[in-house]
Structures are given as structure tokens and as C-alpha cells.
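Let's start with one chain on its own, the form predicted on its own, as C-alpha cells.
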């Protein structure tokens, strides 16, 4: 049965991470035991959750962000607010915000250390309060940078929400989730392999379709573009070739723009094209949230 993409009169909740990114520009990503001088250090707002909320908002979506931040994280709320993201479901707690230490090499590739901080402080009561503000048919966007992801999925599903999951980083918290409740998966090749035990993209997609026949999937393949599949369709999209300087938020930009296409009622092949254009622009800029383009640019 073909998926129905026309979604109207609904809200989008992104229940996700809020991180401060400390970015180090390096000649090459270091190996164990190596010391390398750093020419430049910068601080940016990031986290897969924040990045995806900014991407959704810049794509024109009315999005609400839910999560927690620490004592030094007011800049995270400022970043969301200045991009038009609703922050009424975000709470400040004692302790440190989530943060990352990111190496970005001369080719734009990155290596990331992630500290969960306040992102790992979610409680069931807080989740219940947030989910209670949304209705059946609303969309919830999730990543695996906060705790209790399995509980969030269960509560959102019971509420009748459409669950979008980017299971990154893929670990035991993801395997504890009832993934049959997911409406739309966003995966790269690594996560697809961890999820299915396969390495070939075609096999990854076939296994996901077999295990989760009611789900849609977007599989990103780096330089080989991306693939969308649902119950009976499969579409492919090539990349738009650009000079990359920082790939940090490319996947999050892709996710936000594809979800915006769904909300606009676009067909998935057109959604892939829109998302590919947006992520191509993002990788030509430094930083995470700051690199995400607006809809008019795309």
C-alpha cells in the first residue's frame, strides 16, 4: 500500500539533544598516541536534536523542541529562538550541558567525541508532560542522543503520533526500542549495517522492509547519494557536488528538509532532491546549526 504523504494541521515535536560543539580545525584526524597542533578553535551550537530543529525551522516548519540543558547552555536556547523554534518544552537543570569535541580535517571530514550531560537527564514525568501537549497525527522527530528513547517512542506511539527516528549513535538503547512503531527511519550506511547486519545498501533496505513492512526509510550513502523506500516504492537521489569544508550537520540538514517535504505534501523523490540540495549547501560552511541554509537559498 502506498504511503500517504499529505499531512495537514499538525505540529512537529523534536525531542532531542542540545549540545555545545567545540570544533578544532586540524590537518588530519589524529590517531592514538599522536599530538597535532591546532590552528583554529571555535564554539558552536549543535547536537543532532538542535541541528534538526533548526533545519526544520529554516525549511519553514512550525517545530517545537523538547529537551534539557545545563548551566552554561543559555546560548543553545538563544540559537533555537532566533531561528523560530518554539522552546516552551525545554528545561534548564543543574550541571553541564551536553557537548562535543569535534576534529574537522582539511577535507571537511570530522571525528566527534560526545558528552551527554543534561541530555541524559530526561525523566518519565517530563516526557509524559511534553507528549501530553501533542495529538494523534502530529510528528515526533527523535535521535539517540537523549536517554529514555524507548519510553519516548512508546508514549508517542500510544498518543498516535508519527515517529521519525534517526538512530544515531546506534547502541543498546536503540535495540531496546520497539522499532515496529517507527513511521520513518533515517539511516546512514553504518547505522543501516548495525541495524540489519548487512553491508550492501540493497540488502540493508531489503531487510528493513522485511522486518518493518509498515515503515518508510531514507538511507544516505555519502558520495553515492541517498535512497528512499516505503512498502512498494524505491527512489534514488544523487548528490550535488560541491567543495566540502565541514560535514558536521549534513545529515541533520538532510533529515530536517526531507521531513519538511513530507509536511508540504511533496512526493518522496522530490523530497530527496530538496534535502540533497540543502545538505550540499550546508557542507560548504563551517559549524553545525550555523551552516544550515534557509528555504529560499535551497
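Quantities reported herein were computed from a predicted structural model and do not represent experimental measurements. Residue numbers count along the first chain shown, from 1.
Missing here is the form predicted together with a small molecule; even so, the following discussion is about that form.
key: Option from 43 to 51, 28 to 36, 234 to 242, 269 to 277 whose residues, in the model of the complex, bring a heavy atom within 4.5 Å of the small molecule   = Looking at the other structure, the answer is 43 to 51.
inquiry  = Going by heavy atom distances of 4.5 angstroms or less, which of 204, 118, 102, 142 would be at the interface with the small molecule in the model of the complex?
reply    = Spelling it out, the residue with a heavy atom inside the cut-off is 102.
task = Select from the listed residues 176, 190, 112, 75 the one whose heavy atoms reach within 4.5 Å of the small molecule in the model of the complex.
result = Here the answer is residue option 112.
request  = Please run the contact check for residue 14 against the small molecule in the model of the complex: heavy atoms, 4.5 angstroms, yes or no?
outcome  = Outside the cut-off, so no.
The small molecule contact in the model of the complex: residue 56, any heavy atom under 4.5 Å = Taking the distances in the model of the complex, the answer for residue 56 is no, it never comes within 4.5 Å of the small molecule.
query = Can residue 248 be called a contact residue for the small molecule in the model of the complex at 4.5 Å between heavy atoms?
reply = Looking in the model of the complex, residue contacts with the small molecule include residue 248, since a heavy atom lies within 4.5 Å.
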